[in-house]
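Shown here is one chain on its own, the form predicted on its own, set out as structure tokens.
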């Protein structure tokens, strides 16, 4: 293991709207460094996530529909390759490596420094949630889906199902009053059993799903991309075992503005990302808990269009093939030939060299 935690330095250039983060930095530190200048870049939804892992896999976050994924805001990287060389990768220098680093995961080297584009960002946010009993949630969920298709880019529609409750709503980044105006459209869902409209700072929004104590528990998850959320897919979602939690987060907007071939990240046409997760403490429950999550994910599999590499778990080679279409995976393998032909970086969702004899 290579421990980058001592490398957590972050520098902000507010005039140029740029930030550099060392490879061991956490997202919360990046947000905290840029916020005093009224700036931010797309970061994930949990502040104790590493900048490196999130960005190299793509990087979904609450600003992605407005400003693109974390990898779309990446301007350059400093990389230590398998041979021990230190190189810079950008659109102008080692551009093929730069292409692969934006979505190809940790397959091509150790990134010791990231340079990001920053955006003027309103420091306020609003979370809007409406609860419905799962047994009566089919019609509300279908209306929620239809509303998401024309939603402003400040709104990231979210849904979750667990414990007999379906929660439908969105997260709004920016002026909360504008978010409340948009929330009036949710009246079309029908009368919920509970309503929550929570105004917060953007920084608090970024921390709201933090769960450091969760690291002490046993956890398992599966994920899909869903290009079109059909009525049948909604029915499958609502039929989940109540012991697991399943969720949807909307894509589109600036994510889909980027050409698919521009980065290694794939499936930009997805409408939603789906994840089913479970956690427990007793090792004797391992088989049952994981089997339940797998069954839930399998129910959504017929409606999936691929997978997010950062949401893969024990999917192995099959998961890598779901994360990247064949032509893109072949290009990534050729890049692996060039920068890591012996597959030194293989303890990951591995993209093997195209020369199978050298793959571990």
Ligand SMILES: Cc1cc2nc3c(=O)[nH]c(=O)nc-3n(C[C@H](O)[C@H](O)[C@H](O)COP(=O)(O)OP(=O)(O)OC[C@H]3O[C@@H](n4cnc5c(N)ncnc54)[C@H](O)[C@@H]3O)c2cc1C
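Numbering follows the first chain given and starts at 1. Because the structure is a prediction, the values reported are computed rather than measured.
Heads up, the form predicted in complex with the named molecule isn't pictured, but that's what we're talking about next.
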Inset, instruction - Select from the listed residues 60, 40, 332, 307 the one whose heavy atoms reach within 4.5 Å of the named molecule in the predicted complex. - result: 60
Legend entry - Listed residue that, although the named molecule is not shown, lies within 4.5 Å of it in the predicted complex (heavy atoms), from 132, 272, 144, 114: 114
Inset, instruction - Just one of 320-328, 298-306, 52-60, 31-39 has residues with a heavy atom within 4.5 Å of the named molecule in the predicted complex, so point it out. - result: 52-60
Legend entry - Contact of residue 99 with the named molecule in the predicted complex (heavy atom, 4.5 Å): no
Inset, instruction - Answer yes if any heavy atom of residue 106 is within 4.5 Å of a heavy atom of the named molecule in the predicted complex; otherwise answer no. - result: yes
Legend entry - Close approach of residue 44 to the named molecule in the predicted complex, 4.5 Å, heavy atom: yes
Legend entry - residue 110 within 4.5 Å of the named molecule in the predicted complex, heavy atoms: yes
Inset, instruction - Within 4.5 Å of the named molecule in the predicted complex, which residues of 222-244 have a heavy atom? Give them in sequence order, or say none. - result: none
